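What follows is a single chain, given as structure tokens, in the form predicted alone.
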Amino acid sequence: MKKAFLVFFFLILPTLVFAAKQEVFVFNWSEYVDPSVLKQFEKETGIRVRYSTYESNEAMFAKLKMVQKAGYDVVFPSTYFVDRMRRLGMFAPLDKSKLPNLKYINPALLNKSYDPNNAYSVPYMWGASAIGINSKYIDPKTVTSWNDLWNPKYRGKVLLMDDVRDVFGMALRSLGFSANDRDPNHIRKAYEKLKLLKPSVKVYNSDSPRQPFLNNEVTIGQIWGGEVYQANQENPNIKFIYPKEGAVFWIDNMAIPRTARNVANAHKFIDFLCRPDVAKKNCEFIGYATTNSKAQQMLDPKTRNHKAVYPDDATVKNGEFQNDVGDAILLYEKYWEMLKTQ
């Protein structure tokens, strides 16, 4: 009997070892997926999710640059970092035969210049960076422009996100320039204007920028629409205002790093998030606009009609999507460091 058990054990040992290795290492923005979705994926696939978070594209990029092998399997870079990282050879090409749910992604968000034919990335969520206010303290009718953040009466009550491109994009738009400007003089002018705003800034936060509003630390600031959607679950006084100069729009994407250790499982995870019922659940949990056309149709009215989540066409047209700025990013980062440390 003992011998039979040993024979059986050694016969199934390879299967046990294989099963133990069924993992996917995910590196994502903070609070950017419904935790129940991760549990659902594990239950349906038997693949364990090893989940880590970051607060900015720059932090994600720096971490991936340090990893030479056996790294993360799925990351969520914004458009301009997809462009940058694919040019540096940091992504593995997608096997679309393993992504049948890709058919549900809005065609208007595919085949963009940052990743032609979506060879390396799949759009996940999109949204806007605009102005958040606490209407208990500020009349929404009095705020119409990015320039209102510079009003001295808000000194010590302003929030800026801890994100170089979002902050400089806002400043550039306030000056009438493109959020993707590469002109050194324009970037310098944006820096000089941001220096004037610095005494009013209470906190830089891109981890959970709604929290300083909910804690009454700030009354006005730059914030993502999804954060306002989430904040409204606790405080409906938090409002989202699209400035007349135009909001800054972005698309976050799913991609597989070249150093991924579980490429097959990465494809399964990405395809799972592209499933309409799963995309719907994520959208309603985090409050950002899904790129999934079918999921958008399935949304509850509260989410589908929330202007912070889904702006009208005129608002989108008046704004600008972030793109790669090439070598000018070095200038952005230089001024960003000066702004934060001086």
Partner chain sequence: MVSKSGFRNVSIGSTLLWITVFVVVPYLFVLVFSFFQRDPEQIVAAVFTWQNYKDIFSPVFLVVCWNSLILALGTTVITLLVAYPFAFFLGRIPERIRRILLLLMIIPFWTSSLIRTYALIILFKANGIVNGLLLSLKLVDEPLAILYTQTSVFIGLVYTLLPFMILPIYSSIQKLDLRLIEAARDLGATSGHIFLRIVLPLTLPGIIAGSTMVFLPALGLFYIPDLLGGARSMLIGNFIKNQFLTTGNWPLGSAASVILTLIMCLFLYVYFLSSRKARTSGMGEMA
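Note that the structure is predicted; figures quoted are calculated from it, not measured. Positions refer to the first chain, counted from 1.
The following text describes the form predicted in complex with its partner chain, which does not appear among the structures shown.
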Proximity to its partner chain in the predicted bound form, single hit among Ala108, Ala264, Leu196, Leu88 (heavy atom within 4.5 Å): Leu88
Answer option from Asn28, Thr303, Ser56, Thr315, heavy atom within 4.5 Å of its partner chain in the predicted bound form: Ser56
Partner proximity in the predicted bound form: Glu217 to its partner chain, non-hydrogen atom cutoff 4.5 Å: yes
is_contact(Ala255, its partner chain) in the predicted bound form, heavy atom dist at most 4.5 Å: no
4.5 angstroms heavy atom contact with its partner chain in the predicted bound form for Lys43: no
Contact of Phe61 with its partner chain in the predicted bound form (heavy atom, 4.5 Å): yes
Location of its partner chain contact in the predicted bound form, chosen stretch of 280-288, 295-303, 33-41, 64-72 [non-hydrogen atom, 4.5 Å]: 64-72
Residues within 4.5 Å of its partner chain in the predicted bound form, restricted to 305-342 and counted by heavy atom: Asp327, Ile329, Leu330, Glu333, Trp336, Glu337, Met338, Lys340, Thr341
